[in-house]
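Listed next as structure tokens is one chain, alone, in the form predicted alone.
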């Protein structure tokens, strides 16, 4: 196995140890970012006069050829290498246009610093990719809300009928959640600083000024020297923060999925999910199952597990770098992949949701949905709210006991509950449009 170390050892590494310690089976994902980092590193070496112009050109050419193979999809990491860093070093050494100049690439460099740069650049790129995918879901929800802007449905607390609400406001609730997630993604992005120059832990002999590099050629941010080299190489706070944000996104998606699973059930029957986004049963011919939404809901547990994995990994680690940190990447890569794939599928699924107005209207005939509106009417006419609450509670109790709809109660029956109640008033109030339009406290209702 090709390695970036070994001079002080008298024995070959045991095969079991090589297999146990190797990471190339997952960290090959960082190949592109490793090449970009190496291109920046040789710029530093050139500025520090540790590489001449010819040597810099040879290394830059070799790294760019590797980058091209990655972009073209022909890059195939070899399994007999410790990690992606050693494999790229190997490719440069075997490149006839680079030759022995490749041996200078690792000057003033440690994998401790190198892998941190690679991982941070990976995160920056994928935070923006995730944000774009999240925006697509928000746009799909907004499109659905616009399509059904006049539709009203029962609102729920404790999964019990509460008050009528606009469908656009229910969808808007999830838009608001995802917009908060969008802000969290961008906050995590803004919190990441790209650095070079930490070395293994104590820095390098190169002046800090040479590590200042502009944001170009594959970088989304400029590179700076570290403030504290020990803190830098051991820092994985940004991964914890990202996994936390991705877990919150997963939680919000899970809640949306749960609502749509309920709404698509026979008992609710509020929406129809397009056949192209459902699956069937191997035994029951009639089944149309919302498996996509169920899987998405289930993935949330995996996202939580990835977050907890890294939190436990970091607990009690002494300064500075420890090999335990190799285990931070698989949870990170997995969570990004899960969330991005879920968002991509959900954005399309939402565009193919159809609400069923007739079934929603049927649910809105439940007069208990308007109990608070009736209490508000009494309050507006001078009744203390506590008394109004009791009065309307008695009205609902009478309705249930006598099996008489409130809209069918006579003047006398309503007056026996309270003199302010009469058939004309209750008819006006027990109306979904009136109920929704009477709620004016949200900022969106301000003139």
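Fair warning: this is a prediction, and the values are worked out from it, not measured in the lab. Numbering follows the first chain given and starts at 1.
The same protein also has a form predicted in complex with a small molecule, omitted here; what follows describes it.
Colleague: Could you tell me which stretch in 338-346, 179-187, 80-88, 278-286 has residues with non-hydrogen atoms within 4.5 Å of the small molecule in the predicted complex?
Modeller: After filtering at 4.5 Å, what remains is 80-88.
Colleague: Among 23, 27 and 321, does every residue place a heavy atom within 4.5 Å of the small molecule in the predicted complex?
Modeller: Every listed residue reaches the small molecule in the predicted complex, so yes.
Colleague: Can you check whether residue 206 is within 4.5 Å of the small molecule in the predicted complex, heavy atom basis?
Modeller: So residue 206 does not count as contacting the small molecule.
Colleague: Is there a non-hydrogen atom of residue 361 within 4.5 angstroms of a non-hydrogen atom of the small molecule in the predicted complex?
Modeller: Result no; residue 361 lies far from the small molecule in the predicted complex.
Colleague: Should residue 112 be counted as a contact of the small molecule in the predicted complex, where contact means heavy atoms within 4.5 Å?
Modeller: Yes, residue 112 lies within 4.5 Å of the small molecule in the predicted complex.
Colleague: Does the small molecule come within 4.5 Å of any heavy atom of residue 165 in the predicted complex?
Modeller: Heavy-atom contact with the small molecule at 4.5 Å: absent for residue 165.
Colleague: Have a look at 329, 161, 210, 297 for me and say which one sits with a heavy atom within 4.5 Å of the small molecule in the predicted complex.
Modeller: Checked against the cut-off, the match is 329.
Colleague: By the heavy atom within 4.5 Å rule, which residue out of 133, 325, 145, 192 makes contact with the small molecule in the predicted complex?
Modeller: Here the answer is residue option 325.
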